[in-house]
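Shown here is one chain on its own, the form predicted on its own, set out as structure tokens.
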């Protein structure tokens, strides 16, 4: 590693958003043929630094060097031309365009002859790239809006590969991918290293970082903390550097008994819809009911069905009184809240202030004689933001400016303020650091003790096992197994029912 040349360097990077100082004198050195991990809690500055390198934002001050030359991209397109490409955590494709158009967006001139775009040639080239990364199941003609969230991310990967970057920045992308999708990404990262290029890899999964990275740069509260060599990697050391204190390995519930309350608050019976095939289950008062499986098993449709977002072909969803739930308005009238996996697209209004996002479900509660006083809104939001420790300038700050973990806190604050008795949480810790994960799990335990019920949908088996009273495993749209907490199901056992 010591013989490698420095491919990229950032020095004294400063960036502020209003009164929030996102970066304070941060530095980063990336060598050729390496995967450099960039790690830290939500709000530590990781994505801000990555976005500056990728030309999405401009730094307030500081300097960057690419292969020894000063580097100041005016936008992401210019960064691409320089050989730097970034794959974001959230969706960054266009639903109304095909996979081929998304792969070559901004590079259409390659396929223009005599002023006419050769669409057939573009699709042929797109097919080659998709096959190259192992995603040939996606057709270049497929509209992005018709693809799953994961396949949309694979299209973004194909776009990055088509650019043939010197530096690929991967910002929390693995949280959106199944095991197969992650293997595709890991293979791309390995190919880049072998080709003399490099990767800046951002993830909250410390085990993943330890396994895949050659070095690790740690940020905390917008400050550079340290860079660790591979030989110095230690989970406990990394956690301590991230949060400034020791963090326990045990985030989950410590009790071993499942919920014994027989009162049913939600009933799903004989449902066929989306990818679900004849699904039936009951949710009990004070229960955390976990759902696990492979990415395409249909578990993400569980949340949509229970909230009335996805219509059933057959079967029904009923509340505690036996009344059907067929639309979100009906679900909300029964005090049900839902946070989708695709947070930015489905759970939040990212182009709106924090205040609007938190209050939107509670306007009936906040109104008096048909009017909502600003002071009443502000007090409501400030209380919830304080309870959930949302890091923000003020409630007028736009959600798009927040870190992933703080966005998730805003989504939770909306439903907690609303007073939801049933919470449907789809991948709630996706892109969230260990500190916020611990806080979220404690909140779930608190809500359970208060008699609230939770449907927990997760692609992380330790999370499902660690937090649930019961675990239901789905395979090909059907329930393949159900396990109670006191049976102490293991990951290997559940995987047997998934594949």
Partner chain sequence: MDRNIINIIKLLLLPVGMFLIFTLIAPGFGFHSIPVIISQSIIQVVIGFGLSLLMNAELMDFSMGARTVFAAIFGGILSQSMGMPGLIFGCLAGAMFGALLMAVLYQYLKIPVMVVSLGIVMIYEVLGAKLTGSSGYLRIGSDIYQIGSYPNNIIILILSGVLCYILYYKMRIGCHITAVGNDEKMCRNIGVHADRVKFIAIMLTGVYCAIAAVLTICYSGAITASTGMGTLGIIFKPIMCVIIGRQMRKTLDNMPILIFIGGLCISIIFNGFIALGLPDALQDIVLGIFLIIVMGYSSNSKNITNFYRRLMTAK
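Computed from a prediction, not measured in an experiment: that's the story for all the values here. Positions refer to the first chain, counted from 1.
Not on display, but discussed next: the form predicted in complex with its partner chain.
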Of 185-193, 257-265, 312-320, 378-386, the segment with heavy atoms within 4.5 Å of its partner chain in the predicted bound form is residues 312-320
Give a yes or no for residue 341: in the predicted bound form, does one of its heavy atoms lie within 4.5 Å of a heavy atom belonging to its partner chain? no
Counting only non-hydrogen atoms and a 4.5 angstroms cut-off, does residue 57 reach its partner chain in the predicted bound form? yes
Taking any heavy atom pair closer than or equal to 4.5 Å as contact, tell me whether residue 349 reaches its partner chain in the predicted bound form. no
Is residue 295 close enough to its partner chain in the predicted bound form to count, meaning some heavy atom within 4.5 Å? no
Using a 4.5 Å cut on heavy atoms, which of 284, 91, 212, 334 is close to its partner chain in the predicted bound form? 91
Quick check on this chain: which one of 327, 373, 77, 360 has a heavy atom within 4.5 Å of its partner chain in the predicted bound form? 77
Site test, 445, 449 and 468 vs its partner chain in the predicted bound form, non-hydrogen atom cutoff 4.5 Å: no
Suppose contact means any heavy atom within 4.5 Å; which members of 102-127 contact its partner chain in the predicted bound form? 105, 106, 108, 109, 112, 115, 116, 117, 119
